[in-house]
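Shown next as structure tokens: one chain only, the form predicted on its own.
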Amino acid sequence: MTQGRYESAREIYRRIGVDTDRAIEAAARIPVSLHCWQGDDVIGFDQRGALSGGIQTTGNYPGKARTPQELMADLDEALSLSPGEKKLNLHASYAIFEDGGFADRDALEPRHFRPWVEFAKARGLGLDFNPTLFSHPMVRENLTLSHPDPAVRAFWIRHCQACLRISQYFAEELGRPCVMNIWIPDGYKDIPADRLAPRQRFRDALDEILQTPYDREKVLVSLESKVFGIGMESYTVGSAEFTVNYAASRGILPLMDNGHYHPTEVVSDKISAMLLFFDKIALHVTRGVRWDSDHVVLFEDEIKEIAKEVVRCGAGRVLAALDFFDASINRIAAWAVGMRSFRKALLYALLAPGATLRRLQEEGRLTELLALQEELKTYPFGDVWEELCARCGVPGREDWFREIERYEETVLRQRD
């Protein structure tokens, strides 16, 4: 029955010039980086205190991963339910201290991430990485790399330099470039007296970090912007203007998180503009509800528009990772929903008759363009998605959730 539905869908799309087999193959090849921190509410393994520095997770659903082994098992479950090419995105706070004891963040070494490399190798994954500039005693007054105290800045500079070395270790071990993204929580809750000096200090600290020797073909450093956050509602040091100009002037990548802008701004409209001036850009794909609240990614309009731009502008030029954390629902289901939703959006974009749509726009046939765009919304996309899942060997429709229920009953509920 399923195969018959796919054959019918393939014929319907063929009539408008779309090859569904090619679309399925292309959608499955685009790598999407799965963020490790959804599995344990952004806690990590190097501290047990409350989250701080503009980070907040809400909810207390049972079964949170408490150890590296539990987190890896949960990641395996989520990966098994998500079709297509994948990477794993780590934060530095997920270091694993198997031998030699604890190391603070400014003293982290590649050996503290060897188990993650072994995990990735066994599953054919690449690794991406993030310095962790939050939830640590050296975050002072909600400031890190822009702090007026040279000792505070020096600590975080050493941390980011260590992360560069770890990122190169990932790339060399796994044979795939590692995106290393820098985000800081620095800012002020109320109106600052001096907006310039913190940004000067941040610029100089970044310059010092980038003086660390690293292979730019193997480590793709990105800088993430933000409009505001908890505790920095009035002033953000790493604003969009700062990060884009810094990235352009230093030859690194800008990273856009689609929750990090004013609600009336959309990242889908920014991608093409950025790619006129950068060879590559990085994305953190999330879902902001009223503000940067990092909700689970859904198959919704803005996610579809982002995916369309990724496909239209060249998927190899946009390095996408998911970034959300929700402890109010089953954490593995959240991963699976987010990964499946973004992959759906990529497939949906690839099933559009791009050449026809562009021609209608260029010829000024805008009424016809609008009509065709609306008709495409009711094409049998779901049958093509089911075929993609089948070819990738992952459950389709609601079947994937039956596996979530089994895992919750036999694994997660045994943890509490």
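If you're wondering where the values come from, they're calculated on a predicted model, not measured in any experiment. Residue numbers here begin at 1 and follow the sequence given.
There is another form of the same protein, the form predicted together with a small molecule; it is not shown, and what comes next is about it.
S.K.: Of R153, H136, H284, K308, which residue is found within 4.5 angstroms of the small molecule in the predicted bound form when only non-hydrogen atoms are counted?
M.R.: Exactly one listed residue reaches within 4.5 Å, namely H284.
S.K.: Which listed residue (F113, W183, Y188, Y169) meets the criterion of a heavy atom within 4.5 Å of the small molecule in the predicted bound form?
M.R.: That would be W183.
S.K.: Spell out, yes or no, whether the shortest heavy atom distance between I55 and the small molecule in the predicted bound form is within 4.5 Å.
M.R.: It does: once the small molecule is placed as it appears in the predicted bound form, I55 has a heavy atom within 4.5 Å of it.
S.K.: Heavy atoms within 4.5 Å of the small molecule in the predicted bound form: does A352 have any?
M.R.: Heavy-atom contact with the small molecule at 4.5 Å: absent for A352.
S.K.: So, in the predicted bound form, is D323 in contact with the small molecule at a 4.5 angstroms heavy atom limit?
M.R.: Residue-level check for D323: yes, a contact with the small molecule.
S.K.: I'd like to know whether W37 contacts the small molecule in the predicted bound form, with contact meaning heavy atoms within 4.5 angstroms.
M.R.: So W37 counts as contacting the small molecule.
S.K.: Quick check for you: of 194 to 202, 239 to 247, 253 to 261, 156 to 164, which stretch puts a non-hydrogen atom within 4.5 Å of the small molecule in the predicted bound form?
M.R.: So the stretch in question is 253 to 261.
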